[in-house]
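Next up: a single chain in structure tokens, the form predicted alone.
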């Protein structure tokens, strides 16, 4: 089944449990920059688990070690924002403007903070240029709210309609659009959006029920029976549900079943990091390394700071004997977790091999 894993003696993917490790030499005391990287990596993992208070403490330690790191400061600001510490979040975002200027990410969060502070003209000014941004898909929704708050009903409706087209299953968008239609005297349109809102809420409850049933079936029934139950989740026109289905299959070790829904999700939403990462992971687990490479490269491009993707991509490239491509990827992974002895050993092996080829 594809290329066998015969070159992974030093390339360790501990989270996947795929390879045998080599001993690492005692590490030197980490530099301040490395300390910052370690704390920032810890914070990112805590953010993924929505442990925002703990993540904030790690970000603060990272910035104490490397106060000039703008990327870490931006992440810290988003962490404060997630906790509702809006004044502190604004202070951190504003401190980045002299160096980053009016970057899309800064303008998006500052616009949302303006909206929360009921400074609607400022929110409109910041969010207007982001309305169609594929990287910030919720901008149209918040811009619509800002327009409504400033009394521009027609512009608010226009933006909310765009948001509803972009996120047809978002109950919050339908609810806000229904209210705007009511205010505009468009009763029939308002009724339709309220129906969409109720349907989205019902779909969410149904999805939660279907996920529980699928998970139980995958861990207690034959795969043929489980597929019949899990099939209720997959919607060929909804990338989020397809990713959810693929993840459920992957979590149960049914990687062959995960591939197709994840392929469909990536095709529907080419900017979905979750679709590409999980597709690459599933193909890797199936020893289909040539196929895994492109999805993992796409995932790494979409989220260059996610350690697991970089580690998995480095392993894939190494198995494919493309050491030249694997080395910089593993270096990026090592920069995220310089205290990971296994990754350090793998990197040392690759660097030594590269020197021998010169």
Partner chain sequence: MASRGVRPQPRGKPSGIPFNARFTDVAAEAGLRAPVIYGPPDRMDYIVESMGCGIAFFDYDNDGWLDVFVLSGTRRDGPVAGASNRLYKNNRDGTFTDVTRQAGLTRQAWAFGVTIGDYNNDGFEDIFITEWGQNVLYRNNGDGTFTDVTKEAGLASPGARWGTGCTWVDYDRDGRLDLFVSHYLVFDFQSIPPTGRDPDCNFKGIPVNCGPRGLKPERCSLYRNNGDGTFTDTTEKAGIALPGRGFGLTAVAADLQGSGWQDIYVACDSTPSLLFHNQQNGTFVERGLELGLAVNEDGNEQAGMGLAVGDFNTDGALDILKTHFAEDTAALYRNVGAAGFEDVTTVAGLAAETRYVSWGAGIQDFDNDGLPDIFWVTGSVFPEVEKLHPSFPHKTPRVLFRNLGGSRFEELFDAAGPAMAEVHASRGVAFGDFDNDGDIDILIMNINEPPSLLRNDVSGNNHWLKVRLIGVKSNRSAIGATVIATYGGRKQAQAVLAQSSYLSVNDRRLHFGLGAAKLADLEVHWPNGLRESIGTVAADRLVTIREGQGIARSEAMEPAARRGH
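Just so you know, these numbers come straight off a predicted model, no measurement behind them. Numbering follows the first chain given and starts at 1.
Not pictured, yet referred to below: the form predicted together with the partner chain.
Within this chain, residue 179 lines the site of the partner chain in the model of the complex, having a heavy atom no more than 4.5 Å away. Among heavy atoms of residue 118, some come within 4.5 Å of the partner chain in the model of the complex. Although the partner is absent here, residue 86 is a contact residue: one of its heavy atoms lies within 4.5 angstroms of the partner chain in the model of the complex.
Contact annotation: residue 197 falls within 4.5 Å of the partner chain in the model of the complex, judged by heavy atom distances. From the list 93-101, 124-132, 238-246, 182-190, the contact stretch for the partner chain in the model of the complex under a 4.5 Å heavy atom rule is 182-190. In terms of contact with the partner chain in the model of the complex, the residue from 172, 287, 215, 150 that brings a heavy atom within 4.5 Å is 172. Checked against the partner chain in the model of the complex, the candidates 106, 82, 223, 252 yield a single residue with a heavy atom inside 4.5 Å, and that residue is 82.
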